[in-house]
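Take a look at this one chain, the form predicted on its own, written out in structure tokens.
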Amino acid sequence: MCPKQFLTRRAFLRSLLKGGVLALLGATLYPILRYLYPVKGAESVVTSVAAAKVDELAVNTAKIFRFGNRPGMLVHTPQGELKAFSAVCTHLNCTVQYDEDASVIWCACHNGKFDLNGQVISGPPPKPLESYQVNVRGDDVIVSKASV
């Protein structure tokens, strides 16, 4: 007859402690590695979208619309033109808004201001807003990525 080997209390606690340390290490490293090496292709690729109806925007107003997984802004300028930009500030990725009184695009985070061509007027934003092409097809206002 073979003697049965039993796990001692000390050996059991030691293996339990090692397993806990490994679990803690894995739970700590996994989010760090996911941050450093993001999944490729997670961002949706959108080239054009129907942002609004033609009669939806009054002159000197704007509308935020979804362009893929980011917000976009369609502006009906005081001159009657339709212009579209990324609604993400180039400073800290805050969502910008349209100031009808001053006819500028304004970022509330740090008071950054852009003109109606997307160029920086004042504040900390380092670059202009990304601009999009605007076309009217029937009753729809179609916004597309600008051709490079």
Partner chain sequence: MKLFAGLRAFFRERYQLGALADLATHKTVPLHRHTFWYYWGGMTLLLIGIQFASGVLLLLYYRPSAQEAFESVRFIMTKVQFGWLVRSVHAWAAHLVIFCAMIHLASTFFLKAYRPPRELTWVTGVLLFFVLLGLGFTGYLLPRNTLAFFATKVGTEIAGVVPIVGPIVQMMLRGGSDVTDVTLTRFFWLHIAVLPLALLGVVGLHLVMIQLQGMSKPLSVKTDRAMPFFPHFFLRDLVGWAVVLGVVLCISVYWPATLGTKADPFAPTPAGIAPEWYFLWMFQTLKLFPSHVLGLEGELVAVALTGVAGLVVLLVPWLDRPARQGRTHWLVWAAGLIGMTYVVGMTGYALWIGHHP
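Numbering follows the first chain given and starts at 1. Values in this document were obtained by computation on a predicted structure and should not be read as measured data.
One more form of this protein, predicted in complex with the partner chain, exists but is not displayed; see below.
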property	result
104, 109, 57, 82 - the one with a heavy atom within 4.5 Å of the partner chain in the predicted bound form	109
Close approach of residue 38 to the partner chain in the predicted bound form, 4.5 Å, heavy atom	yes
Any non-hydrogen atom of residue 49 within 4.5 angstroms of the partner chain in the predicted bound form	no
Exercise: residue 93 in contact with the partner chain in the predicted bound form, heavy atom 4.5 Å	yes
Residue 128 within 4.5 Å of the partner chain in the predicted bound form, heavy atoms	no
